[in-house]
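Below, in structure tokens: the form predicted alone, a single chain.
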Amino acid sequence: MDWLTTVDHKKIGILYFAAGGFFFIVGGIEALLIRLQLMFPMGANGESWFLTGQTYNEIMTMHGTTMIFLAAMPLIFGLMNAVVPLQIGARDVAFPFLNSLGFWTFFFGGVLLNISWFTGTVPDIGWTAYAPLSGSEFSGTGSDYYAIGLQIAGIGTLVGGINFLVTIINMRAPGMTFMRMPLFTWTVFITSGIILFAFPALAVGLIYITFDRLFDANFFVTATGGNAVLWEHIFWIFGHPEVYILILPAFGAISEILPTFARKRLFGYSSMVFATALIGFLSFMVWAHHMFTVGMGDIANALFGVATMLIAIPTGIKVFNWLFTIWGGKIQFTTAMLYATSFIPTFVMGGVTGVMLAIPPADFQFHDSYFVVAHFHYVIVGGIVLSLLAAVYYWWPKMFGRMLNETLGKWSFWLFFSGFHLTFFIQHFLGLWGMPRRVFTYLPNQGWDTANFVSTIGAFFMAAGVIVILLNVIISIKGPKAPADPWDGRTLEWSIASPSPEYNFKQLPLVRGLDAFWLEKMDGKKEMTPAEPLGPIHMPSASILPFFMSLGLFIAGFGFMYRGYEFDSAFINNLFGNNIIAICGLAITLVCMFLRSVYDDHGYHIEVEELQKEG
């Protein structure tokens, strides 16, 4: 029950990690099925050896949607919850209740989407859900699961972004100016700003799709005056910033790990901050580079091509600063450092191919080929997943109070890293040799057979790496206890116990400069200088309301989806057809909102005597 009602940011971070990790495995299994299908060409009689075209489309759609929205996003939010309040010296986030609501809406949105596997109507429209394919004329109820499931999950992301913006602005420890914030916190701050402006675009687009499908509106139906290309604009106005929503915290994690294990301070801190802000701004200027082949015209293509190339400048600043940080350092190749250093060349490869795709004439050749698949995965997996794994190994002791096994960690790294390049590097050439993306099979003897076989073998190496990570996590339950500062860290989170207590800081710390804890250690101190006397600590009360508010949205979404469906039972037809299920779901949510509004919860205090007793 404690996990259902908690509003503690650390526990919510763990919930995000658990749910995101589960969906990561689900998305990974879907990826393996895709690679298995493409391992061999079609047979002599044109038959597919493993999956039908329909099943392949469903798995491909769910793989992309699950990995982006239900795995990468919650894992990033898990990291934000686990680290940011500790790094800025806060006792919690600004709105603990909203934080809990954000997690549960994400969770129920993800569950709603994946229930489609059990109802037999799985989305089959690709993760981009292009119109008119996503319209009711061409796709079944599966697309409703996509539209409504993502809509509910998106609420959680939006409120989470707002929460972290307010937290970072208002709850920094005394002395922590903006230019003394750790770089991970800076990247979360910029990311939260991007979320604030990008996710409403997706929410509006999903509402339009839902209205088209359920209420016969015509936003994207060309025959009745709608515009199918409008969806592409809306989706990519969200979709391209989404890449930076995922990658900027990854940049931040790398910027924390490299200095720690190189025993040097981060090179060019100020330029890293401004580069992050510039990337965040430019991320909204480039959406149409996904649409060069739509027919926008030469001027529009040229403008968006140049804008896209501009992003290479601040990104290059970051890459060079990381290299200068480790240059001449006393490097410790822990598992976290292995993942962090491998991230740099891998992500650069993804960035370089991104610049190639930003050239409109070249993009016309690469478009819808496996070259794009390779580029995308070098950015998402090579950039985000590698850095997330680095972050997990780095902050795991602080989150769980246990150390992960380093030997198993290095085994998992080499399996995953070698498997990744084996899988995706060769896909660049598959694209250049003409293999289109999104095909479920191909003719033999076109020069693609061996490359696809090798790519699938690589995917199994990656799977083996993930299995070793899971094994490491299980073993860590009985593993050695983590000290407060296992890596000789530089930032505030390492100044308190592992795992950190419920209230984080007994006394708020006084920050005297960048790398606040490192400065104290250089002065011979083992703890932070307190900024306040010891006193009672106010804590928020746990609440079950976020859980039920989200459950209500889940039920309402289910009710709306099946309002026009013909069931065998007249009773069930009556429940869904008259919107009784949908209204009940909305009523649950509204009642919970009402209770939250009228019940004045003042929380509770941890008294001084209790704090002194804990030592």
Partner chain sequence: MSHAEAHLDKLPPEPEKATLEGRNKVLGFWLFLGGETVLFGTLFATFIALRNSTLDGPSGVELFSLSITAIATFILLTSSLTSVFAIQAMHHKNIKNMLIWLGVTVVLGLGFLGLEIFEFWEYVNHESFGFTTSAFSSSFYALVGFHGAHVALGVLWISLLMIQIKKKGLTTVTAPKIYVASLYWHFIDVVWVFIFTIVYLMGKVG
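The structure displayed is predicted, hence computed values, not measured ones. Numbering follows the first chain given and starts at 1.
Omitted from view is the form predicted in complex with its partner chain, to which the following refers.
*Asks:* Sort through 372 to 380, 121 to 129, 343 to 351, 202 to 210 and report the only stretch with a non-hydrogen atom within 4.5 Å of its partner chain in the predicted complex.
*Replies:* Only one stretch qualifies here: 202 to 210.
*Asks:* Identify, from the list L258, L183, I234, I152, the residue with a heavy atom within 4.5 Å of its partner chain in the predicted complex.
*Replies:* Comparing distances to its partner chain in the predicted complex, the residue within 4.5 Å is I234.
*Asks:* Heavy atom within 4.5 Å of its partner chain in the predicted complex: which of F320, W414, F333, F215?
*Replies:* Spelling it out, the residue with a heavy atom inside the cut-off is F215.
*Asks:* Using 4.5 Å between non-hydrogen atoms, is F594 touching its partner chain in the predicted complex?
*Replies:* Flag for F594 set to yes.
*Asks:* Is G225 a contact residue for its partner chain in the predicted complex, using a 4.5 Å heavy atom cut-off?
*Replies:* Yes, G225 lies within 4.5 Å of its partner chain in the predicted complex.
*Asks:* In the predicted complex, is there a heavy atom of its partner chain that lies within 4.5 Å of any heavy atom of H538, even though the partner is absent here?
*Replies:* Yes - in the predicted complex, heavy atoms of H538 and its partner chain come within 4.5 Å of each other.
*Asks:* May I ask you to check whether L534 falls inside a 4.5 Å heavy atom distance of its partner chain in the predicted complex?
*Replies:* Taking the distances in the predicted complex, the answer for L534 is no, it never comes within 4.5 Å of its partner chain.
*Asks:* For the stretch 152 to 185, return the residues whose heavy atoms include at least one within 4.5 Å of its partner chain in the predicted complex, in the order they occur.
*Replies:* Going through 152 to 185 in order - heavy atoms within 4.5 Å of its partner chain in the predicted complex - the hits are I162, L165, V166, I169, N170, M171.
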